[in-house]
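Form predicted on its own, single chain, as structure tokens, below.
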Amino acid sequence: MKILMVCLGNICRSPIAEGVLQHKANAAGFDWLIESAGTNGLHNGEQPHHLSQKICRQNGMDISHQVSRKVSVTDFDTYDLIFAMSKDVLSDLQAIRWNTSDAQKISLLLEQTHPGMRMDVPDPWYGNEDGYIEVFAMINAACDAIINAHQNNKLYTPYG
């Protein structure tokens, strides 16, 4: 299974989501490749935000090796599932490429914990550490739901 986590700049939310889901997949014994990207490319080549790294480190995960990159058209063919952190990111993904087969693999991350609610993972970029703690908790719960759903063959996709 190959999963892509996507936010705007790929330095705050999606690196946390990549780290958390990869950690949980490894612990569950799943041979998954989890990666992340951003839709705007403004931080290409950068490491995750220092507070994203700090929050992950405090939870036993090192995401310092990650490097920001922009989503590409080929990602839609490469990945089995693509999770957008927010509705604006989902719209950006649709503008990059959207077809019937893509609809089966792309959804908002929080659809895993709040099906049908179309909730966003808030962008902590402009806030303090508390925002990153809140974002980590939301992402952590969604990643638990992904692991549990996969184990039970009931992964929620709004279009599938």
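As the structure is a prediction and not an experimental result, all values here were calculated from the model. In this text, residue numbers run from 1 along the sequence as written.
Not on display, but discussed next: the form predicted together with a small molecule.
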| query | finding |
| --- | --- |
| Partner contact for Lys105 in the model of the complex: the small molecule, 4.5 angstroms, heavy atom | no |
| Contact of Trp32 with the small molecule in the model of the complex (heavy atom, 4.5 Å) | no |
| Contact of Ala17 with the small molecule in the model of the complex (heavy atom, 4.5 Å) | no |
| Glu111: touches the small molecule in the model of the complex, heavy atom cutoff 4.5 angstroms | no |
| One residue of Gln58, Asn40, Gln94, Asn26 in contact with the small molecule, assessed in the model of the complex (non-hydrogen atom, 4.5 angstroms) | Asn40 |
